[in-house]
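In structure tokens, the next block holds one chain alone, the form predicted on its own.
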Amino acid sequence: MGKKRLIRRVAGFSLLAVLSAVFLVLGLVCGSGNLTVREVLAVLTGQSGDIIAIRIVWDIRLPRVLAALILGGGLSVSGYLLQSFFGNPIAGPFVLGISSGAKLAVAVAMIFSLQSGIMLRSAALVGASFAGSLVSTGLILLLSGKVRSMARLIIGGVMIGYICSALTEIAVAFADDANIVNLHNWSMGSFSGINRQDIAIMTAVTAPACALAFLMSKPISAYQLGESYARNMGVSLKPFRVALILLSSLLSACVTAFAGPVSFVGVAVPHLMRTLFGTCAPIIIIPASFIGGGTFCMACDLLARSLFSPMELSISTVTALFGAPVVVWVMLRKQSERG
């Protein structure tokens, strides 16, 4: 049994690595102006003198592909942490309204800064998004104390998301025309327009947060078996819960600040990883979710900009198209298990 489990894990991570590499290459090669693999390699190794190809690869496609990889991975880990915290298979930043709270905070910050003639830096947008995420998460936690049914808690989270979205629309209605254009493009969700400085900032936020989540694998595993078991294993529940909420909020906030709201990745990918590896062990699922989330977002982003080129779909449109059926499948499977 141990050997079969090892083979399955090695095969699973190998598959994820291959798919990640494939979509990374496709993301650099495909676009409105297709490049060959040889041309891309020449640019990356500094052997190309084609100024246009250099600009396309270094300034447009590489930052975009890396953003999809980093932010998709972070969003997937955020979803896994929320599922572990609430003990609910369809908990996630988008479903619970956390992403909508982050979206509202960023929209308000952008409107006030642009009206004042101030251009907010990426770090400031992450901070505003984090504040919005924490407020939404706080409302969810207050609701969880009043509502014992997880189904009602999810419905409450969806309602909080709708309220935040409505407030965002009201804020946009009072913005200047130029601000509305910027906010509309961002609120649709996209990995475009990201530069190398943004990549550095999102890496500085996502990498430590995911590393800390991985280091918490043992207490998360104990917590999944019940609060009493976790307490008997020496887990301090209050700081543990605070850490889970802060990490999940920070990761989802980072995604929203740079790419806008991205739907269903945080719910669907962790389930796909559990199915692929046949385990719920955090020490396996957390790194698998990061790689799987990044691969999923790179694939969806490639479809978003290639299906109807030169017109580009929002990233949430494509992630919902593939992620929502996974959520429906999870709910149906849970219902059949109860039956």
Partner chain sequence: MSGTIALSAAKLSAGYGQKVVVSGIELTVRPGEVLTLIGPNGAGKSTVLKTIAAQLSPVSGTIWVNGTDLCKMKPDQAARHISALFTQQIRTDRMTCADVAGTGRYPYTGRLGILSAQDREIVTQAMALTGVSDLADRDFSCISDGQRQCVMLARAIAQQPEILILDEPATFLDISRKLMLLTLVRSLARQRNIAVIQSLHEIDLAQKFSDRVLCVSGGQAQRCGTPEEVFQSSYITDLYGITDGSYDALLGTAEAAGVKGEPEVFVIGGGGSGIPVYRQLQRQGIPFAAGVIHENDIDFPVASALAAVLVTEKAFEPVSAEAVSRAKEIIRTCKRVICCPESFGTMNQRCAELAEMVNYPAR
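Positions refer to the first chain, counted from 1. Keep in mind that what you see is a predicted model, and the values were worked out from it rather than measured.
A second form of this protein, the form predicted together with its partner chain, is not displayed here; the remarks below concern that form.
Hey, in the predicted complex, is residue 134 touching its partner chain, heavy atoms inside 4.5 Å?
Flag for residue 134 set to no.
Would residue 279 count as touching its partner chain in the predicted complex under a 4.5 Å heavy atom rule?
Judged by the heavy-atom cut-off of 4.5 Å, residue 279 is in contact with its partner chain in the predicted complex.
Does any part of residue 231 reach within 4.5 Å of its partner chain in the predicted complex? Heavy atoms only, please.
Contact check for residue 231: yes, within 4.5 Å of its partner chain in the predicted complex.
Even though the partner isn't displayed, in the predicted complex is residue 127 close enough to its partner chain, meaning a heavy atom within 4.5 Å?
Residue 127: no, not in contact with its partner chain in the predicted complex.
197, 192, 224, 115: which sits within 4.5 Å of its partner chain in the predicted complex by any heavy atom?
Contact check passes for 224.
Hey, of 250 to 258, 94 to 102, 207 to 215, 135 to 143, which bit sits against its partner chain in the predicted complex at 4.5 Å between non-hydrogen atoms?
So the stretch in question is 207 to 215.
Can you name the residues of 270 to 288 that have a non-hydrogen atom within 4.5 angstroms of its partner chain in the predicted complex?
Residues within 4.5 Å: 271, 274, 275, 278, 279, 280, 283.
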